[in-house]
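In the form predicted alone, a lone chain appears below as structure tokens.
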Amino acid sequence: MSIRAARRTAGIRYANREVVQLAEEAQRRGRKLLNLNIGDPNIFGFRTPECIQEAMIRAIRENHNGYSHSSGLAEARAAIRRQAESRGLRKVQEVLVTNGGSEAIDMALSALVNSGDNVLLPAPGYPLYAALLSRLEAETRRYRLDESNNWQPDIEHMAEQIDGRTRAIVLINPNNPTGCVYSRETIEAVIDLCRGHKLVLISDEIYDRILFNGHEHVPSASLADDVCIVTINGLSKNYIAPGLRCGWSITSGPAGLCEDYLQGMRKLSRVRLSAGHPQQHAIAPALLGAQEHLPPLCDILSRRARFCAERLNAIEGVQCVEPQGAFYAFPSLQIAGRDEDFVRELILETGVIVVQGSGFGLQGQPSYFRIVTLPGDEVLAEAFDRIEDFLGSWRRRHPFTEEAAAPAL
């Protein structure tokens, strides 16, 4: 008799990584893989800024290889606070340095929810949140992002999801997987809901410097100092260093409102001893340095985002809102059958690796899939040619009927 896994693991899904197994099978079948599935800029030729590399090497050579303070290196936390306050964040109560933004999210949720509580997540939205809530035996409640309004949150639908067991609303801005950048009015409306229902706002801003065509990112915590707001950020995306696993949370709002919750997060930070130490020495040089890598990075990604949207929209039956930031696009298509089956066969038959929309919380019709816009134009063009050919083949094998369509969330 085998040893049974804990019940809390039963509902955990993470589609971004699960497609890797299909990719390995496609490779065994001799397919040339085109990786459009994971937001890792380094594997597509983008390089971590020199100031980060030099700071880490120096830290290792100077033997900063033991534990750091559980909350993070003092100078790193000071730099994070300084940058946050320069961007308008008010009443910053705590900065915690974490092993990537993922651990910051984990701590923020684990210190907040009890079994049976619920948290509002965007649909579509980054799947880690739902996976963690499943582990915590808490409920995921999805609010719609409006594709017809450049993927802005549907505030009315969001408000309908709130009840007496709701503890937090999660914003991902810029959004993963759509690349949408939220307007000031949208964020203010979400803050009003948090204020009225005494909820925590978890504002995931990990892509806040990767913006296109004049779009402005407004930090949620710059718009209110009377609501408990946890801002998630890190070096992984803006500073092209996901493998360093260097993230942080910034908790702001009234001291009395936040304090008990903060004590819970501090306990969790102490239990795991510390975040990785050498990479914390790179935080201050990264945040307070010249930011010279950002203009060319945003220029390249802006052009690729536009190319992706134009090429996808040229495929019959596919629609794609042009991303405003980050490095993803989230096209829709009308197909018969489950999006998981479509993506599975796409990967196995063509080697093009994408992630199905249901992995980000959207079910039914239209179907969606996420691509990363990081690869070069030649790779993207080849991938879209393969997708277009495969889509024609799929439709011949699986005719779509309007009667079979079920609306998505």
Partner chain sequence: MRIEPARRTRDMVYAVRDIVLVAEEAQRAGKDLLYLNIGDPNLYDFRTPEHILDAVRDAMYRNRNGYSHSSGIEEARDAIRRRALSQGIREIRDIFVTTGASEAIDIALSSLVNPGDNVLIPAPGYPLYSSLLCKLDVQAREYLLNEEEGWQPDLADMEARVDDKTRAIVLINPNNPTGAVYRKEFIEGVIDLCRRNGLVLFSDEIYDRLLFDDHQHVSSASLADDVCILTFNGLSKNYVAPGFRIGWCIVSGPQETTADYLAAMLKLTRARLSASHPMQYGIAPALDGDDSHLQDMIQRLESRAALTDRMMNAIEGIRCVRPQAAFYAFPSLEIEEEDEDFVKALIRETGVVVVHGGGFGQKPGSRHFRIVTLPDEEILRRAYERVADFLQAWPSRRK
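All of these numbers come straight from a predicted model, not from anything done at the bench. Residue numbers count along the first chain shown, from 1.
What follows is about the form predicted in complex with the partner chain, which we do not show.
- The three marked residues, Arg141, Glu147 and Gly164, fail to reach the partner chain in the model of the complex, with no heavy atom of any inside 4.5 Å.
- For the partner chain in the model of the complex, the listed stretch (294-302, 184-192, 154-162, 273-281) containing residues with heavy atoms inside 4.5 Å is 273-281.
- Checked against the partner chain in the model of the complex, the candidates Ser332, Gln93, Asn238, Asn99 yield a single residue with a heavy atom inside 4.5 Å, and that residue is Asn99.
- Note on the partner interface in the model of the complex: the residue among Arg87, Lys198, Arg306, Arg338 having a heavy atom within 4.5 angstroms of the partner chain is Lys198.
- Within this chain, Phe212 is remote from the site of the partner chain in the model of the complex, having no heavy atom within 4.5 Å.
- Within 4.5 Å of any heavy atom of the partner chain in the model of the complex lies no heavy atom of Glu216.
- In the model of the complex, the partner chain lies farther than 4.5 Å from every heavy atom of Gly30.
- The partner chain is not shown here, but in the model of the complex it comes within 4.5 Å of a heavy atom of Tyr126.
- Shown here without the partner chain, the chain has Asn63, Asn65, Gly66, Tyr67, Ser68, His69, Ser70 in 63-97 lying with a heavy atom within 4.5 Å of that partner in the model of the complex.
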